[in-house]
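Below you'll find only one chain, the form predicted alone, shown as structure tokens.
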């Protein structure tokens, strides 16, 4: 069995900050599968042209390419049913899909203005012109203005976590007593922030804080030990 995972990387190739790539990495760890993790940068579209699109993560298993973190999770579950389940049952899969959509809409919205400048300061030099132009077109203002209201964005982010916080007040993981893809779908956003930003997202008495700590320690500290990017002052 051959597994290769293409992941978004910063100027330091060891820094992998994409939330979607982290979903895939945690899913692989949950299944007990080892993959060769290859760095990919925003302007490296040709390197994954074989996948038929230009975004990561891309997982290649024995010559078959699968893109999109949700589709990767479904592939791993179907291809390796003998290994620990990412979903548990049909209801678990439905819950994971819901949390994935919730994370990628309601929770990600206040994070984008908080993190975009931090990302720019940590991407490879060859990516900076593309990243600035594409993000300034998306937001309609210079990158340097995006985090002008950090306190409000952090407050909005914490408010968006209310459904997860309510559940985590009664159980250690969103999936129950042990983590599953339901958890990784949201946790990927926290790794996005952790790998490229110093902003304090949570207070220690928040149930979400304890949940994040438990997932940082999962799989032998896979996430906790991940390299963190350093801003390039010359960017």
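Please read all numbers here as calculations on a predicted model, not as lab measurements. Residue numbers count along the first chain shown, from 1.
Keep in mind that the form predicted in complex with a small molecule is not shown, yet the notes after this line are about it.
Shown alone here, residue 10 lies farther than 4.5 Å from the small molecule in the model of the complex, counting heavy atoms only. Contact check for residue 128: every heavy atom lies farther than 4.5 Å from the small molecule in the model of the complex.
The small molecule in the model of the complex is approached by residue 55, whose closest heavy atom lies within 4.5 angstroms of it. With a 4.5 Å cutoff on heavy atoms, residue 135 counts as touching the small molecule in the model of the complex. Between the small molecule and the residues 47, 68, 61, 206, the one pair within 4.5 Å by heavy atoms in the model of the complex involves 68. The candidate stretches are 141 to 149, 159 to 167, 82 to 90, 68 to 76, and the one lying within 4.5 Å of the small molecule in the model of the complex by heavy atoms is 68 to 76.
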